[in-house]
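Quick heads-up: it's one chain on its own, the form predicted on its own, in structure tokens.
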């Protein structure tokens, strides 16, 4: 019997893997393949820690495939070239893979699919990365949603697919493999010192169970507190497919049935976050130009700043605003940033410093372990007022946000050690410390910790004026 190729990409697991499940059900030999796509690797700005996270996930996957009787084969090169080799080498009867919805991935997948079909090889693709695909959640007129709430309402009305479970055992024919390649083998430098997460399906399972046990039913309260373990931290595992979105929804739905009223409120809020992820996937799918363009085209006229001084201060976590600086330093040290802090950091760059959101999005792309083009793009355009948000003029005050969500300064002190001895009443605005207090705590503003790079009210006023001018031009 001719073998089938199962192409792994953003789905690095065996459990509840749509393509593998259906391929194994046929009883045919299976060639599980992961391609280190040199075109993608060369294009990505990602820190080497991201590739090491992927390598950890691949080692986990390699073991899980072996447990099912198979062998995971690794190849390196351009995807199209690698698949030409696989066709010649294995003479497969079919190619199975799970669909990807990002613009560049769709172009790649279309080219690979055409290659197989030209060689008279069947191709089957599956829904796996999302619970509901972009074309499944549309308005009554068949158009894509561009506002979250109606999208979420339509999403919730659909029948949600159940997880597939584990695939049947299978065999893999002999074939060469380059093995798992991490940052060192891919010649990517690692600057993230203490990655916040370990890659792999086992780590994903452990993290999910901990969250389910300790935080899910308090999620609505803890999700905004960066010093607390109130979020699931599943985004990186979803990004690399170490666990499926189907599984998370299924488990959350089970918990919802047995939860208290307050617990149900928390679980519903968590499910909303899963929907936000799919909303941004759908927006980018239907509007692929958003990878590099404003959704609101009038913002093409925004006079973005070119100040190297303020850009450098932001990227180094030296803006003088503790919550902003803590977020940037957390990102550069761990490859992670709390979601509430991401919004504050992005608002500060685009609204206070008036730098182009595209620069911020690329900076995040370089460091985030959970980097997902659709979510990153959607979040940055939301923060910059250039995206699909129906109430676009939102500006976060970084000091008030810190007072509200990090009231004792625990998060700030963890990532900004210069401020560890600063009294609670000055931790969110250390420039207000009298000179005597600065001397007493050993933190001289402008020397040990920077003075604010800009006055928040002046910066936000400048953005509001530019926004109003753009809006007037659109309405005239």
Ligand SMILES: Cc1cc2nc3c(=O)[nH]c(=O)nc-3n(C[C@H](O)[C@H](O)[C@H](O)COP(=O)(O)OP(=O)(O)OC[C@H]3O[C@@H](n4cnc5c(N)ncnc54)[C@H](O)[C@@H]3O)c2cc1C
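The shown structure was predicted, so the numbers you read here are calculated from the model rather than taken from an experiment. Numbering follows the first chain given and starts at 1.
Just so it is clear, the following notes concern the form predicted in complex with this ligand, a form of the same protein that is not shown.
When this ligand is considered in the predicted bound form, only one residue from 242, 95, 337, 326 comes within 4.5 Å through any heavy atom, namely 337. Site annotation in the predicted bound form: the residue of 238, 192, 283, 183 reaching within 4.5 Å of this ligand with a heavy atom is 238. Taken together, the three residues 304, 397 and 466 all stay farther than 4.5 Å from this ligand in the predicted bound form, as judged by their closest heavy atom. Only one segment in the set 274 to 282, 116 to 124, 68 to 76, 139 to 147 has residues whose heavy atoms sit within 4.5 Å of this ligand in the predicted bound form; it is 274 to 282. Using a 4.5 angstroms limit between non-hydrogen atoms, residue 342 touches this ligand in the predicted bound form. Using a 4.5 angstroms limit between non-hydrogen atoms, residue 83 is distant from this ligand in the predicted bound form.
Taking non-hydrogen atoms only, residue 167 never approaches this ligand to within 4.5 angstroms in the predicted bound form.
Taking the partner from the other structure, this ligand in the predicted bound form has a heavy atom within 4.5 Å of a heavy atom of residue 270. Using a 4.5 Å cut-off on any heavy atom, the residues of 215 to 254 that reach this ligand in the predicted bound form are, in sequence order, 219, 231, 232, 233, 234, 235, 238.
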